Every structure is written in C-alpha cells, then in structure tokens.
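Starting off, we have a lone chain in the form predicted on its own, written out as structure tokens.
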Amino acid sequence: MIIGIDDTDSRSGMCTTYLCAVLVDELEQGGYGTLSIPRLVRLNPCIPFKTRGNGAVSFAIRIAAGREREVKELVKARVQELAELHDEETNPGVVFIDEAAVHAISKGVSGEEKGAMQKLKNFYESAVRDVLSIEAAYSLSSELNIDCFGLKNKRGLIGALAAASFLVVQQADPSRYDFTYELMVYREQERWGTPRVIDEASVWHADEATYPSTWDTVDWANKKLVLAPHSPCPVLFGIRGCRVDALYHAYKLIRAEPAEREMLFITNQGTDVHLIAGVQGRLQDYHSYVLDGSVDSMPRTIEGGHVVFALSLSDWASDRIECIAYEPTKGFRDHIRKLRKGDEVTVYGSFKRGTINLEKIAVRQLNVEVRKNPRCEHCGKRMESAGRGQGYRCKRCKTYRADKEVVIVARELEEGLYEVPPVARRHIAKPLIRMCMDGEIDHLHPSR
C-alpha cells in the first residue's frame, strides 16, 4: 500500500514530515509491515494558501497479512491527533493506494492500465507546476479506486494524491524524475516553540566537511545558518544533499539540543521541476517559468531595496514584463543592477501580476555597444544634434557626421548563470552547485 498525506501543519506549528516520521516509526515498531524510505514532495511554490514549504509526504508499506484495516485506522487516528485542526487554513487529506491497485498501475500491460500510470504522472506534475482543484483529486481517486480520507474542506487531498503519485511513478521508473535527499531531525516535544539550541561552529564545520555533497546548510556570503526553520514547528534542522552517507556524516558533526527522532526522505527538492520552459501562450499567475528575452530598461532600485527591470520576451515581440529581485535575495541584486538595456538573458522564476520573481538569471549575451554623439575629428569634442534626423555638427569646427558613433565598453558583469543565495532559495529550486557537479552547463556562477 502507498499512503500519501498533506496539509496537517500551520504557520504556528506541526510539520507534515514529522507526522510522517511518527507514523513510519510506529508502523515499523508495531510490526505492521516493511516500509520504504518516505518521500517528501514539494508542490507548486506559488500557491497562495500554502503554509510554509508546501510539502506533502508519502511512503509505501508492505502490510502484514490481515492488517490493512488496522494500518488505515492508525494513519487516520494520528492525522486527527496531530494535525493543526484548530487553524482554519489546515485541511488534512490522506490517500491509500492498496497493493492490488499499485500492482495494476505499475505492472499492467493493457492500454487502460498504462493510462492510469500516465494520469498519476500528470497529476503529480500538475500539482508541482499548476493549480489544481479538490474536485480533480476526487475525480482521479474515484477513477482509480483510491481510498481517500479528509478533514474539514479536505484540500490536502491534492497534495496527498500528488505525493502518492510521485512514489508510484518513481517505483515503476526510478530514472523518471531527478531527486535528492533530506535528513530531517526533530525536537523533543517539550521544546516545541522555544528557541532552537544549535552550536553554530559545528554547523559550519559539518558544511565544510561535506559540501558539495550537502548544500544549503549555511549561506557563506550572508554568514547565516539555513538548515533550521524559524517557525515553532517540530523540526530541529534538515540537511539536504545528494549522498546519504554525507548527510549522516554532517549530522554526526553537528552539536545541538537532544533530538526526539530523525527521518531520511527522498525528495524532489533542489530539482527545478516546478519550472515551465518553452511556453507559447499567455503567462498565468501562480506558475513558474523559464523565459528568454532582452533587457528593455535600466535596472532600478525601488522602495524596500528591491531591484526591477523590464524584459522584452523573445517569443512575443509585443510583450514586456517586469522582473524583480527582492531584498531578501541580497547579493544577487548586485548582478541584476549591472544589467543594461540590450542584454540577452533567460529568467527563471514565478509569475504574478505581470512580474517575474527571480530565482535565477542566465546572462546569455552582454550588450557591449554604446551609441554616442560622434567626436569632431578636428577638436575632439562631442558634436551636437543638428536637429531631428539631420545628423550631428560641431559648432566650433563646422564639421558634420550623419550617424552616432558606436563605442565598445567594458562590462563589470560576466555572461553565465546566476542564482539567489541559500537564504532566499526555494526548497524546490535547483542550486547551481548541483549543475556544476553534473556538468550540465558552462559559465556557472554559484552563490558560493
């Protein structure tokens, strides 16, 4: 059976990954069956009613004979017990895909069964990139005979089904999706809501010992720890990376308050799976895009320290949107300030109300030409306009030039791909260090 869970937390407490860890430990210790490594699936980061990281979880359990009903009741009981039901924005959802259904979806040979796998794949990808309705989750669950359980308005069924779908697809085809790992460490319950006790020096040491196999543990440029949340949730800290041994090595090096438990997750974090490339139609709010264009205005700093510039889109000559690097992106704004009109760029980020919230930017070609009034060949001074469309004259020497002079200028900015720092990075965004390790692209400028 595959179990998916979502929307059990709030801004004031709980964490769906903690509830998952409690369930996995209880099911294993209770002899209910053999469990997989759980999945942590980050959904569309632009959804306005998300809590914090918009994460859902799922895990597989090979249930001991005759205990399926017990497992379902235990999961429902723990969700009812631990979910932040008092918060009006918390609407838990749980899905159960039983073993027979998983087998039919994963191993079937008929066109209908292959279609079921495709529908789960599409649902997961839509939950990461698009905006889905509860009705869509109900419809697919009913079609595929997936058992559902929800509380209040049951909006969590969307994320629960998406997380379960990710696991079904990944088990059937492990190479289908890029993935990483996160080792989550949880606090003792009596400490929830109190300041976290973590020895900062040990975190910097752990990062030095394991980077780049682990990343986003610290932010070197801004001298901050980023592995620990600031909310009153059960999470003490999380270590992200691409190698399980590196995660546990870092964990051993970090000195902190006693932990209640820890849990390793396979996750879609750090993969950029939320980005939509090659779009040909109208841009939609609450979606994240990769867009080619040219800088159409000099960057300007606005109130709050945010930096904005206009972008003319390559695919739609008449379209012009604004791109913004918000103040929390810190030093990333310095790269944006060095842009100038005519630079060819690719922007990565979420779209809302005509504006792209920048996560990355690729400077593809710098505009190194500046058109200036020509110099007089006799006195060396700049000529003045002789009137609209009438060229340029030197009043002193009476010389004439028809066109402006093209001057090649040096640029402080280099071509290549730039990213926001770890303190401003979304869970799902791919750090450039991963691209460096994979050899995906040249001219990378990681934040570190």
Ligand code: ATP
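Fair warning: this is a prediction, and the values are worked out from it, not measured in the lab. Position 1 is the first residue in the sequence shown; the rest follow in order.
The discussion below concerns the form predicted in complex with this ligand, not included here.
*Asks:* Can you pick the one in 413, 47, 35, 64 that has a heavy atom within 4.5 Å of this ligand in the predicted bound form?
*Replies:* The residue from 413, 47, 35, 64 that makes the contact is 47.
*Asks:* Just to be sure I understand the contacts: of 234, 156, 238, 270, which is the one whose heavy atoms reach within 4.5 angstroms of this ligand in the predicted bound form?
*Replies:* The residue from 234, 156, 238, 270 that makes the contact is 156.
*Asks:* Can you check whether residue 127 is within 4.5 Å of this ligand in the predicted bound form, heavy atom basis?
*Replies:* Yes, residue 127 is a contact residue.
*Asks:* My question is simply whether residue 85 lines the interface with this ligand in the predicted bound form - judged by any non-hydrogen atom within 4.5 Å.
*Replies:* Judged by the heavy-atom cut-off of 4.5 Å, residue 85 is well away from this ligand in the predicted bound form.
*Asks:* Looking at the partner-bound form in the predicted bound form, is residue 53 within 4.5 Å of this ligand by any heavy atom?
*Replies:* Contact check for residue 53: yes, within 4.5 Å of this ligand in the predicted bound form.
*Asks:* Contact with this ligand in the predicted bound form for residue 43, defined as at least one heavy atom pair within 4.5 Å: yes or no?
*Replies:* Yes, residue 43 lies within 4.5 Å of this ligand in the predicted bound form.
*Asks:* Please determine, with the chain shown alone, which of 157-165, 206-214, 339-347, 251-259 has non-hydrogen atoms within 4.5 Å of this ligand in the predicted bound form.
*Replies:* Stretch with heavy atoms near the partner: 157-165.
*Asks:* Counting only non-hydrogen atoms and a 4.5 Å cut-off, give the residues of 1-31 close to this ligand in the predicted bound form.
*Replies:* In sequence order, 6, 7, 9, 16 come within 4.5 Å of the partner.
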